[in-house]
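Encoded as structure tokens, the following chain is the form predicted on its own, with no partner shown.
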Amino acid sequence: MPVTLLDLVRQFEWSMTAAEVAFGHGTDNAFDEAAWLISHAAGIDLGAVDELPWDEPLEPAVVETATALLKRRLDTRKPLAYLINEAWFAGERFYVDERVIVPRSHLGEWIVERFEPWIEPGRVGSALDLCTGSGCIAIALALNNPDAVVTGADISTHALAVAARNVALHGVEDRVRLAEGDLFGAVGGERFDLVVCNPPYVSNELMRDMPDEYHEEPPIAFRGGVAGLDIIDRLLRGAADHLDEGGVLVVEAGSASAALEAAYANVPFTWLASEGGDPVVFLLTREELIRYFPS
């Protein structure tokens, strides 16, 4: 009897659950990851379909390919995104490999909304994405702000090679440039309308407890120091000098959010809740940065 897409997804869902694999690299559950894995094996373009063909029978070759891919996922504990060199962010497909963290920032939810109502539509003519990694945030900013010129900066030469591949993939070479350096050191004295960053924010304690899948990613993308605030502190103290009048800083603080509020209880952070209700992305204006974090 032919195996349908839904049949195989249910089988793979059970296998992943039984093996206790960890998610969080594009999916947050076994069913969705199984569907993504099998769709890749079947050559289904997830960006071109509204609904998967759940009841269609799969060719034996597709089942064989998908089964082999599942085995690699279970045996290696590598995120699926690395095994298929594909990740999705802000509705767009990106190339990824072990040189970069797998895209999954909550910033994506706000980039497609252009940070309204906190930033006026059309206000962003220039933007800086620090810790750009795969370049997904910088590219998404350019795609959703067609009049903006965006700089993606990273300290890692290897990450920037992946970012360059994605810039070419999305055809935005004329509006996205890449710069190598340590945070603002990559852009000298330049100023921008918007600075965004998904920095390393995992504390030393949480680093030790991360599942195997997360240890397959570059450690530099996670290490935030004792409280997870090492890089965020530097962003707060340096951003004002790189924002134009009326400019805005937007940062994902993730698991360091509580530590950040405790450390700076007097700072009026504006927290942008994710679709799941998690207040992990904050916004500060240039004026607020100058007041609370003077150079």
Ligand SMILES: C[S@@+](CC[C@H](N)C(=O)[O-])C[C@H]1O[C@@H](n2cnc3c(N)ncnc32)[C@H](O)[C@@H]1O
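Throughout, we count residues from 1 along the sequence that is shown. Model, not experiment: these values are computed from the prediction.
Omitted here: the form predicted together with the named molecule. The next part is about that form.
Visitor: In terms of non-hydrogen atoms within 4.5 angstroms, which of the given stretches 60 to 68, 37 to 45, 226 to 234, 258 to 266 touches the named molecule in the model of the complex?
Guide: This holds for exactly one stretch, 226 to 234.
Visitor: Though the named molecule is not shown, can you say which of V149, A161, I155, L83 has a heavy atom within 4.5 Å of it in the model of the complex?
Guide: Of the candidates V149, A161, I155, L83, I155 is the one lying within 4.5 Å of the named molecule in the model of the complex.
Visitor: Taking the named molecule in the model of the complex as the reference, which of D75, D209, D212, D182 has a non-hydrogen atom within 4.5 Å?
Guide: By the 4.5 Å criterion, the partner-contacting residue is D182.
Visitor: Would A221 show up as a contact with the named molecule in the model of the complex if we use heavy atoms at 4.5 Å?
Guide: Output for A221 is yes: heavy atoms within 4.5 Å of the named molecule.
Visitor: Just to confirm, I137 within 4.5 Å of the named molecule in the model of the complex by heavy atoms?
Guide: Residue-level check for I137: yes, a contact with the named molecule.
Visitor: Hey, in the model of the complex, does P79 get a heavy atom within 4.5 angstroms of the named molecule?
Guide: Outside the cut-off, so no.
Visitor: Applying a 4.5 Å heavy atom distance criterion, does S203 contact the named molecule in the model of the complex?
Guide: No, S203 sits far enough from the named molecule in the model of the complex that none of its heavy atoms falls within 4.5 Å.
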